[in-house]
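Shown here is one chain on its own, the form predicted alone, set out as structure tokens.
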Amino acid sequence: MNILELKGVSFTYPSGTEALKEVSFTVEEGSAVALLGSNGAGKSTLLDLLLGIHANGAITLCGRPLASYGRKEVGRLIALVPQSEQFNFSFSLLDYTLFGRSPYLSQMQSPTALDAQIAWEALAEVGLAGFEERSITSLSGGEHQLLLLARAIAQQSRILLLDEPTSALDPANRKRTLSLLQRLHNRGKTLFFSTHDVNFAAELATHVVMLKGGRLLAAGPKEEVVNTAMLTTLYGTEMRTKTIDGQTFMY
């Protein structure tokens, strides 16, 4: 079943800059889709459109036009993990993770004991158990990214949307994040993530979408789309691959 479908999606900013032009592809439920492309290719714009920003063309979510959903409905289906987020207040980790429960609460409603349990379990999932009362202002960069993941996990959505999930991570936290996302995918979560790390994409993705200059270059199963010729075309520089212990690396 296709959980997401884009047909002829285009987007132009008020300045007149055309970010996307006639982009069409589908996302199967339970897949892990890597969105690849150089800076300025339209990746971030595409992620914004999947959260409900109006665009020309058709975006379908779970068989319904995305535009027909309310904000809370979208929040129950799609959770965003941004590259980073400015913390303006000194929340505890638990309180911050509870923001992921917002799509299930009415206006001014306080989180329930069940919401708190779900948030606690999300923190445990990412390895932050025992730090629930710690201030978010004390987090390292890697812990910050794990907290953003915890909030998204607490949201219990069907799709996890991630913008450059490893962009600021050291090798240890990159490996930790990869393992966590693989576990979520193995439990049936649909992943859609942008990344400049082609090796991270190779390790996690089942499918790949390539954008070049705001247009779709290729989309499909990883094995059919990812090769040296296509990557060289995508990035405009020579790419090579090497297989070590059964794992293909690109450079």
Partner chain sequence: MAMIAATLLFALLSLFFGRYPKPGFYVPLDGRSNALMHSILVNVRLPRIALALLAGSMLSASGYAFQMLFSNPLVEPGFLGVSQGSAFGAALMIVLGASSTVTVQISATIFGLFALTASYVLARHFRFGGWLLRLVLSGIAVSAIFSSALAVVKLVAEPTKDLQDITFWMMGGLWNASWGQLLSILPVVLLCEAIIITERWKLNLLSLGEKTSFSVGINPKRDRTILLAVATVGTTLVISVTGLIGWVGLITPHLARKLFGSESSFSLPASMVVGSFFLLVSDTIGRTLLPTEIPIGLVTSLFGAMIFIIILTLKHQEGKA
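This one's a predicted model, so the numbers in the text were calculated from it and none came from an experiment. Residue numbers count along the first chain shown, from 1.
Another form, the form predicted in complex with the partner chain, is not on view; read the next lines as being about it.
Here the marked residues 116, 120 and 127 all miss the partner chain in the predicted bound form; none has a heavy atom within 4.5 angstroms. This chain is displayed without the partner chain, yet in the predicted bound form the stretch 45 to 53 from 178 to 186, 214 to 222, 191 to 199, 45 to 53 comes within 4.5 Å of it by heavy atoms. Only one of the listed residues (98, 153, 169, 162) places a non-hydrogen atom within 4.5 angstroms of the partner chain in the predicted bound form, and that residue is 98.
For the chain shown alone, residue 131 is not a contact residue for the partner chain in the predicted bound form, no non-hydrogen atom being within 4.5 angstroms. A residue is said to contact a partner when one of its heavy atoms sits within 4.5 Å of a partner heavy atom; residue 137 meets this definition for the partner chain in the predicted bound form. In the predicted bound form, at least one heavy atom of residue 85 sits within 4.5 Å of a heavy atom of the partner chain. The closest heavy atom approach of residue 142 to the partner chain in the predicted bound form falls outside 4.5 Å. If you take 182 to 210 and check each residue for a heavy atom within 4.5 Å of the partner chain in the predicted bound form, you get nothing at all. In the predicted bound form, the CA atoms of residue 55 and residue 215 move farther apart by at least 3 angstroms compared with the shown structure.
In contrast to the form presented, in the predicted bound form the C-alpha positions of residue 55 and residue 213 spread farther apart by 3 Å or more.
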